[in-house]
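Next comes just one chain, in C-alpha cells: the form predicted on its own.
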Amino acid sequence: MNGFEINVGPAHPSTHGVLKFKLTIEGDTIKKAEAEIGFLHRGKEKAAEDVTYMSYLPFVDKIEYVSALNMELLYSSLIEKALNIQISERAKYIRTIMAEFGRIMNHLVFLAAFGEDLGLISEFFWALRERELLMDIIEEISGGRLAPVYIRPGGVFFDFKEGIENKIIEAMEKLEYKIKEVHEYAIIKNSIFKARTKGVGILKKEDAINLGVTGPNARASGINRDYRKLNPYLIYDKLDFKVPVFDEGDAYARCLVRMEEIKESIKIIKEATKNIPKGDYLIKMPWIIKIPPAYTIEIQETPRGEIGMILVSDGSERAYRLKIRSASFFAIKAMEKILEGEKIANFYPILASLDPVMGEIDR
C-alpha cells in the first residue's frame, strides 16, 4: 500500500499503556492501522500454575488494575463454581455493591483520561476528585485502595463495619449530584469535547458483532447486551436498573454510555445497600483448597465488557491452566477497523473512547 508509515507508541502517554500502532497515512488520513501488543506481558496467567488458588488473589488485582474489585469477583466466582459452593445472601449483596463501586471508579478514570487526551485538564481533575469519594469508602471497608484484595472465594475478607451503609448512601447522593454537574459542563456543554468526538471513530453495529466487541463499546453501537441482564449473577436479577444503549457508534456515544452507566450503578448501590440482609459474610473454607479435575468457565460483565476466565484443574492445590478472555483485546482489534479513513488527529480521542487497559491485554 502506498503511503507514509509512522509508529505511534509504545512509549507515548496517550496510548493508555505500552501499546504501539503502525499507521499508514496519506496526507493526514489513516489508510491502514496495525496494532502491536505484548510490550507489557507479565505472565499473570502462567503465574496461576505456580501458586495456590488463594495465593493467586493479589495477582488478580494487577491483571485489570483500574477495576480490580471486578476481577476479584470474577476469579472468586470461578473458584466457587469449580467447587460447586454457594455463598450467603449478605455476601452477594456486599459483592454487588463493591462491583458497582468498581464500575463507577473505572468510568471516572475513563472520563479523566479522555479529557486529558483532549487537553481538557479540568475534566481530569473533576473526575478523579469524585472518584476519591469511593476510594475512601473502599479503604475503610477493606484497608486497600487501588488493589484492595477484598473479595475472596467464599465471600469477602471483612464484613461491613457498623455505620458504613449510611456513608455509602451519603456518598452516592453526593456523587449523583456531582456527576450531573460533570456530565453537563465537561460533555454536554463543552463545544471542544463535542467537536472532537461527535461523528468520530464510528464502530458500526455489524462490525462490533463480527469483531467480538462487548460492554459499553458495543452498547454505544446499538447492541443491547449486558451480561448482568443476559445471565444474572449475584443479586442483579433482583435490582431495578436499565442498560444504556446508543446507536451512533461514535466516540461521543461511547462516552455517553459510560456516563449513563455511572448513574445506573449509583441506583444499584443505593438499592442494594438499603436492602442488605443480615447473616454471614463468609462461609468457612480452608486456605489451601484442591479442585477436582474439571474445565470451568465463568463470564461476567466488567466495566470494559464481558471478561471470561477458564480454569483447567487437575485435583491439585494449583491451577493446571488459567486463561482469560479480555474485553480490551477485542476493542483494540476493532480499532484497526475504526481508524481506516480517519484523520490522524482523531487517533487519540478514538483510542481513549474505547477505554483499553493494557494489563488486561498483555497478561
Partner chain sequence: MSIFDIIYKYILSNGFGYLSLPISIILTLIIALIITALVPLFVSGWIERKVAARIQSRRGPIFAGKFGLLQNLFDAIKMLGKEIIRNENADKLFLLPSILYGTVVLLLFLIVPLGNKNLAILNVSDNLLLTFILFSYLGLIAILGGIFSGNKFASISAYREGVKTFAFEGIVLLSIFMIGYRSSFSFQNINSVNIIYYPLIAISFLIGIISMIDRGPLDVTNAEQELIGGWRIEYSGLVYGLPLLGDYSLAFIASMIFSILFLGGAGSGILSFIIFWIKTFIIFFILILLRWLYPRPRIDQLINFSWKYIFPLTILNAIIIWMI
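Numbering follows the first chain given and starts at 1. Keep in mind it's a predicted model, so treat the numbers as computed, not measured.
We do not show the form predicted together with its partner chain, though everything after this point is about it.
- Scanning Y236, W126, Y252, Y93 against its partner chain in the model of the complex with a 4.5 Å heavy atom cut-off leaves one residue, W126.
- Contact with its partner chain in the model of the complex, judged by any heavy atom within 4.5 Å, is made by just one of L120, A82, M172, L74: L120.
- Per the 4.5 Å heavy atom criterion, its partner chain in the model of the complex is contacted by stretch 194-202, the sole one of 277-285, 96-104, 257-265, 194-202.
- For the chain shown alone, S88 is not a contact residue for its partner chain in the model of the complex, no non-hydrogen atom being within 4.5 angstroms.
- Its partner chain is not shown here, but in the model of the complex it comes within 4.5 Å of a heavy atom of E116.
- Scanning 325-363 for heavy atoms within 4.5 Å of its partner chain in the model of the complex gives K343, I344, A345, N346, Y348 in sequence order.
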